[in-house]
Ligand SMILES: Cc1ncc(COP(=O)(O)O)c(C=O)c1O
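In the form predicted on its own, a lone chain appears below as structure tokens.
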Amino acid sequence: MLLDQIKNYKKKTPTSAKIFAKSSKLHINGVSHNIRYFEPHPFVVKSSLGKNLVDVDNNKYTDYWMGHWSLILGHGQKNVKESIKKQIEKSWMYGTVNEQTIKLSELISKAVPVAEKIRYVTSGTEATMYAVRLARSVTGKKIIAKIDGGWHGYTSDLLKSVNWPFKESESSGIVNDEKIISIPYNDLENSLKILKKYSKNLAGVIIEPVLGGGGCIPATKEYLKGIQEFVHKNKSLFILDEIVTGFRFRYGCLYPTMKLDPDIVTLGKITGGGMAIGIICGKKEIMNYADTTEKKKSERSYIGGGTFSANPVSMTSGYTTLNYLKIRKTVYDKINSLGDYARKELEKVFDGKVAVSGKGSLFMTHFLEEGVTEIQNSADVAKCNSEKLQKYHFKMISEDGIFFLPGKLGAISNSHSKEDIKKIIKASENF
């Protein structure tokens, strides 16, 4: 069956194959982000609009990858596009303070209570890297705890225990990885045992309230509150990575719905409206450790931005997107209900053979094996049949015109409809 699908895919994508062969000569693995590669070759996109991608061979795909889950309004959304055009007429790079940044920060600070002070960068990786540095500066301690399966970008500070088995090194070239420890997700008892062991030198804990790359798994409220309680009693910092979850399920972050009190929150993806962005925000007394005008070198946390940080195009795109969501909060009712529908119907179609994890408009299908009946953490995900998941996603790419990045979760945007979800259900029945 898979051989037929590969044959069909190659027949549909000859121009993509030629272009990707050229890309492979110029770029490592032919891509600029490891996860964008899949066999026999990725299709090459020439345009996108709404819910669709169109490749160079004119194949159209209903997209659930949605720009690494950043495009909550869909591709090329009219309001965002027009705002970018207007800004580009003025220029796209100042390298100085601009009012667009202030407008976006005013929106974020009102929607995210902890965002008393904000610093912009251009990627989620930078945001988490600086959040960790800030925690070490504030506490004077060195160890950061993260989650087994937690993904916080490629920063050396956090590139540990991402993939199963979690004890193997993720990369050569990493130094001081003994300053990073890992705890099991949704397992409060064993997590606290580990944290207590390292408590004297624990600077902070960084957690995604819904694991993104680790399997689209929500944390339980009890787990997050238990970790937060320990961390604050220990005079360490509680860092929530809401790069995936911020403005995804509601207007604002997920943490207020769980009555959490983080010290630092990182944001990205949706907050840039499809343009490059990363954000570190937090309580004023903590963020002020980055103040270079009052603190000497031995005291300050030297947090940069970068050449393109807070550039007016990203700020404009982000502002337009968040303002749209603020005015039209019914977007969340729509996409969250579509996610609920997708999870329910997919589990029904596969009749006990899968678990569909996720929350709101994010969902991921896991083909169950090895006695796993539900998905609580990344260890459960690792025991599922990832090869079958890859085949399932590739089948939809090659036969159904539906695009999930193989092996990854799906994100529903405002441009999707219930009919689109029904097409996934139909494709799943055929699979």
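Sequential numbering from 1, following the sequence displayed. Just so it is clear, the structure is predicted and the values come from calculations on it, not from any experiment.
This next part talks about the form predicted together with this ligand, which is not shown.
This ligand: the contacting residue among Ile280, Leu71, Cys253, Val244 in the predicted complex [heavy atom, 4.5 Å]: Contact with this ligand in the predicted complex is made by Val244 alone.
Among the candidates Trp151, Tyr289, Phe230, Phe238, the residue which, in the predicted complex, approaches this ligand to within 4.5 Å (heavy atoms): Exactly one listed residue reaches within 4.5 Å, namely Trp151.
Among 120-128, 254-262, 71-79, 328-336, the region lying within 4.5 Å of this ligand in the predicted complex by heavy atom distance: It is 120-128 that comes within 4.5 Å of the partner.
Partner contact for Lys146 in the predicted complex: this ligand, 4.5 angstroms, heavy atom: Taking the distances in the predicted complex, the answer for Lys146 is no, it never comes within 4.5 Å of this ligand.
4.5 Å heavy atom contact, Lys269 and this ligand in the predicted complex: Although this ligand is absent here, Lys269 would touch it in the predicted complex, with heavy atoms inside 4.5 Å.
Partner contacts for 201-217, taking this ligand in the predicted complex and a 4.5 Å heavy atom cut-off: Only Glu208 sits within 4.5 Å of the partner.
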